[in-house]
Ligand code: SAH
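As a starting point, one isolated chain is supplied in structure tokens, in the form predicted alone.
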């Protein structure tokens, strides 16, 4: 593992350009007294070339670049630290304009020779899922679409990678921050040229928001954090289930499919003795009958022991996971995969985000370590 840190200096108090659409940038440069096509050029530098220094935008005149630098800054994020896992996964800790921090993860898949980025959509999370460290922090605030999009732009610039896939599976519940998440999806698609079919939004099951998202008719992938095939078990794992039990959630997924026709992903964390028995596998198969969905099994990752109210969970044994997979796949004809673990040595795997930097702001000059990121 390698890690780098940067000096925590306050960003300049200038409005940022990341988060603005093509039309907004064209209007902005016209107000500055420049022709609208300069806005189109600026748009390309910001979102396609991902440049973060106006001086590098060399088809703009020097005077225009100087004027931009005097009035604006490129993005809203400030890099605090960057950690690199032994498997190549990169985890970024960013400071937001108000001093709060969030994390993003860049993953490389050798079998596909492509990169994916996992984005945060909130500072903290209100869902309080028992397996996830983020939920122990509670919700601090929603992120803006500019803060969401700038994670993609910054990491693409920093890594030099061609990031082809975007997953909203980081800190927070994306559909709890619905408007800003949807705006970020549109900007990533229209400005950063990320295909809708290469975006995935994960949700713990907010039924009203799922219905609303279905009406957008985005060809994205919706991933549901299911994690249990019955209400009794799911109540223990996910408090949200008490408001939106399976009797409400599963019909919402059918409605979503009716609108979009896009195959769903069911995320299912494997916890020893809690939700991993053959009986659970059969219940899951029956629950998903008639639903166009794949199943992704996620071996449980332990979270920081210094967080409050932690359950005594253990990861399911591999033979148990394999049996569970065979039952659902062979008897209920669902495609079932087991998630490949990424970045666990830097606490960048599923459910591990604890954001401990917020709990020790007086020591920000020290290297930021063990700052986990949730790949739900």
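Residue numbers count along the first chain shown, from 1. Remember, it's a predicted structure, so these values are computed and weren't measured experimentally.
Omitted from view is the form predicted together with S-adenosyl-L-homocysteine, to which the following refers.
Student: Counting only non-hydrogen atoms, choose the one of 294 to 302, 79 to 87, 255 to 263, 189 to 197 that falls within 4.5 Å of S-adenosyl-L-homocysteine in the predicted bound form.
Tutor: Contact-bearing stretch, as computed: 294 to 302.
Student: Taking 4.5 angstroms as the cut-off for heavy atoms, does residue 267 touch S-adenosyl-L-homocysteine in the predicted bound form?
Tutor: Close contact exists here: in the predicted bound form, residue 267 approaches S-adenosyl-L-homocysteine to within 4.5 Å, heavy atoms only.
Student: Is residue 150 a contact residue for S-adenosyl-L-homocysteine in the predicted bound form, using a 4.5 Å heavy atom cut-off?
Tutor: Heavy-atom contact with S-adenosyl-L-homocysteine at 4.5 Å: absent for residue 150.
Student: Check residue 221 for me: does it contact S-adenosyl-L-homocysteine in the predicted bound form (non-hydrogen atoms, 4.5 angstroms)?
Tutor: Residue 221 lies outside the contact set for S-adenosyl-L-homocysteine.
Student: Can you work out whether residue 225 and S-adenosyl-L-homocysteine are in contact in the predicted bound form, taking contact to mean some heavy atom pair no more than 4.5 Å apart?
Tutor: Yes, contact at 4.5 Å.
Student: Which residue among 204, 104, 181, 275 has a heavy atom within 4.5 angstroms of S-adenosyl-L-homocysteine in the predicted bound form?
Tutor: In short, 204.
Student: Just one of 132, 281, 143, 166 has a heavy atom within 4.5 Å of S-adenosyl-L-homocysteine in the predicted bound form. Which one?
Tutor: Residue within 4.5 Å of the partner: 132.
Student: Select from 155 to 189 the residues with a non-hydrogen atom within 4.5 Å of S-adenosyl-L-homocysteine in the predicted bound form and write them out in sequence order.
Tutor: Read in sequence order, the residues that approach S-adenosyl-L-homocysteine (within 4.5 Å, in the predicted bound form) are 168, 169, 170, 172, 173, 174.
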